[in-house]
Ligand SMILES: Cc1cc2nc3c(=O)[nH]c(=O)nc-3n(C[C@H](O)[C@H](O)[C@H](O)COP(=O)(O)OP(=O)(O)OC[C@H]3O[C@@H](n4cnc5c(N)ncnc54)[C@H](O)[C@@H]3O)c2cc1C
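Only one chain is included here, represented as structure tokens and corresponding to the form predicted alone.
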Amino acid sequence: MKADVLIVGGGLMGFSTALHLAMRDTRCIVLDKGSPGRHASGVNAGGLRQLNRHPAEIPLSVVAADMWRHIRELVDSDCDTRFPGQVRVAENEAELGRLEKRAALTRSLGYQHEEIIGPDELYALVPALAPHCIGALICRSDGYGRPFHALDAFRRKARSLGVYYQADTRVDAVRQDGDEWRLSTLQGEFRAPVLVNCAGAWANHIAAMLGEPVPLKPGAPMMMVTERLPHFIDPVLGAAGHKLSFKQMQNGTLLIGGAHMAELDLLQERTEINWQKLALSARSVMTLFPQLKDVRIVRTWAGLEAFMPDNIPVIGASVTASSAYHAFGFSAHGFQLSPVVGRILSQLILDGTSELPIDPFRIDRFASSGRCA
């Protein structure tokens, strides 16, 4: 089968790229080794966050935030998005000092979306919070969506524009034959002049086939969800002194994460919950909301993510192969960036450049340090 662009990986990055290309009359094939949303794109926390981003990501995150606010125009669905803001709470003066430095850094880069609020405003926003907190860093326009809703919307819209999608199709070999890429799978060979690697936790294998290995490390962040509770909090909440992401969903459940990792068997694509680490997230919640100590946890899970040593992704053109591109390694915070990453890749492929600064995300940034897989 032949198209204009082959995309390896049927998650949000892959389908966002396919959608933006299809909007410009480019024929795409998306190949997925599993099923839609099987890993990172379908099981993450759904954060739409500009708050506390790596400085290199801020320009992309700001554009992505605007895209999410108009996401229905792109994918014919609101992806169940909400924008109640996000706060990062300080429990003591040292933590507040770190948050103030962070806000100053953001302002020094020319952005105003992060600001410090004092206890009066914090408790007006989150009245159920334990009384010892002294302030917070806030981004008032942040929010969240539902990852699987979003993936389904991107996939449906892309396919309505002619994108061909094939699940359960593992890429076993990649070779460039003249001006054409050829991907070998058990389901046959796929060909196109352009190749895009959006393979998530397996993207290092595709990169290695192109002669540019990277130090990608798979991980499985754990999440838990509680029973339904009466509404008591609007903003997404994090904490300067804890690994914590905490939000109350539309149905009243609490979605809790904290970047604690499950045990992972990548070969079998299996995860095992580490209950001791998950208990740290529960204790963090009780520190800030002690009234929740008897709330029941009804479900836990972990999804496979791709982590880079510097915790920012690889986005851009291959440096070893012509007409090949990468978007992977989002280190458990790629959901919000997905619309803008697809736009960037479509611009690189069709225009040869992007208006956004992506040099920090070059794949060869690891080569000089020797940190290659």
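Computed from a prediction, not measured in an experiment: that's the story for all the values here. Quick note: we count residues from 1 along the sequence shown, nothing fancier.
Keep in mind that the form predicted together with this ligand is missing from the display, and what follows is about it.
*Asks:* Is it the case in the predicted complex that Cys139, Ile233 and Pro339 each bring at least one heavy atom within 4.5 Å of this ligand?
*Replies:* Result no, not one residue of the spot touches this ligand.
*Asks:* Answer for Arg82 alone: is it within 4.5 Å of this ligand in the predicted complex, judged on heavy atom distances?
*Replies:* Residue-level check for Arg82: no, no contact with this ligand.
*Asks:* Tell me, yes or no, whether Lys33 is in contact with this ligand in the predicted complex, where a contact means a heavy atom of each within 4.5 Å.
*Replies:* Because a heavy atom of Lys33 falls inside 4.5 Å of this ligand in the predicted complex, the answer is yes.
*Asks:* Is there a heavy atom of Leu21 lying 4.5 Å or less from a heavy atom of this ligand in the predicted complex?
*Replies:* Although this ligand is absent here, Leu21 would stay clear of it in the predicted complex, with no heavy atoms inside 4.5 Å.
*Asks:* With the cut-off set at 4.5 Å between non-hydrogen atoms, does Ile206 touch this ligand in the predicted complex?
*Replies:* Yes, contact at 4.5 Å.
*Asks:* Where does this ligand sit in the predicted complex: which of 198 to 206, 129 to 137, 292 to 300, 101 to 109, heavy atoms within 4.5 Å?
*Replies:* Partner-contacting stretch among the options: 198 to 206.
*Asks:* Which residues from 20 to 58 come close to this ligand in the predicted complex, meaning a heavy atom within 4.5 Å?
*Replies:* Result: Leu31, Asp32, Lys33, Gly34, His39, Ala40, Ser41, Val43, Asn44, Ala45, Gly46, Gly47, Arg53.
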